[in-house]
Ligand SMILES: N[C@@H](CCC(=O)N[C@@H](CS)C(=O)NCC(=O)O)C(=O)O
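Shown here is one chain on its own, the form predicted on its own, set out as structure tokens.
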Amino acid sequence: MSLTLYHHNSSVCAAKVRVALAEKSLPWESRLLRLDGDQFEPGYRKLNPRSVVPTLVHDGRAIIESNIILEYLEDAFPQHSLRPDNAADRAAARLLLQNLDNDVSGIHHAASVATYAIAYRHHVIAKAGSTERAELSKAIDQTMNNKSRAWLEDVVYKGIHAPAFAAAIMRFDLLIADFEQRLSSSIWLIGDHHSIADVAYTSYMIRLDLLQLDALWRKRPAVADWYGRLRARDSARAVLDWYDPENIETLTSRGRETAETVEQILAGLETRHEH
């Protein structure tokens, strides 16, 4: 049995798969991409025509898309199962996974917008050597896939003042409110057993935490307790241990700079709900 994971140190999608591999105690070989354009090299594009991470290669066959990889691991390695016990709960878990990748209304898109608006835009600015939109666009074209380019330029240029940023915070608020309701009557997202649904959201919760977006669950104790349980699992190291310390510093320091703006957005949402 041979498992090779092509991944990136801070990619939430790649981390999602690393968490599953850790939970299932599966050994794997690392192929770390820099995502500085190396994802467009012919050898990798042959494995993953979308030029994104992660890609799992199992005995010579490439599996792409992180949610598909999670399901594949359950099919190929049913030991240490992460699937809920009954059909209805498995369907509920699949809906939560779909919620991550539901295009521009999905949680992954919101996480990408928040990450770049708050923190990683500064990496793009440094690469471009300019804050001029034309120069930023060139830098983005060199390193990002076509799907990301469509929204990224405005977010990099405007940062937290981009309309997409407020929309992302609103999307997270809806998600965390839903989680609070779920977790008020269960220990994990799907019942009382840690499952593929919790695995899928671990790297996203850690990303929100690093971005200093914990205001999202500050008044939601069930989510706070659940997140504490996620962080206490050994598999959480499959997210955090791969982060470059420089990336962590960028995420946290820039997150602190923008925390007040985020709290203002959330306060506005709370006021709107009251009326």
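The shown structure was predicted, so the numbers you read here are calculated from the model rather than taken from an experiment. Numbering starts at 1 and follows the sequence shown.
Another form, the form predicted in complex with this ligand, is not on view; read the next lines as being about it.
Inset, instruction - Go through 53, 216, 238, 206 and name the one with a heavy atom inside 4.5 Å of this ligand in the predicted complex. - result: Going through each option in turn, the one that passes is 53.
Legend entry - Interface residue in the predicted complex among 182, 108, 121, 83, criterion: non-hydrogen atom within 4.5 angstroms of this ligand: The residue from 182, 108, 121, 83 that makes the contact is 108.
Legend entry - Which of 217-225, 24-32, 45-53, 238-246 sits within 4.5 Å of this ligand in the predicted complex, heavy atom basis: It is 45-53 that comes within 4.5 Å of the partner.
Legend entry - this ligand contact in the predicted complex: residue 19, any heavy atom under 4.5 Å: Taking the distances in the predicted complex, the answer for residue 19 is no, it never comes within 4.5 Å of this ligand.
Legend entry - Proximity of residue 137 to this ligand in the predicted complex, heavy atoms at 4.5 Å: Residue 137 lies outside the contact set for this ligand.
Inset, instruction - Although this ligand is absent from this view, report whether residue 143 comes within 4.5 Å of it in the predicted complex, heavy atoms only. - result: Judged by the heavy-atom cut-off of 4.5 Å, residue 143 is in contact with this ligand in the predicted complex.
Legend entry - 4.5 Å heavy atom contact, residue 250 to this ligand in the predicted complex: Taking the distances in the predicted complex, the answer for residue 250 is no, it never comes within 4.5 Å of this ligand.
Legend entry - Residues within 4.5 Å of this ligand in the predicted complex, restricted to 89-112 and counted by heavy atom: Sequence-ordered list: 101, 102, 108.
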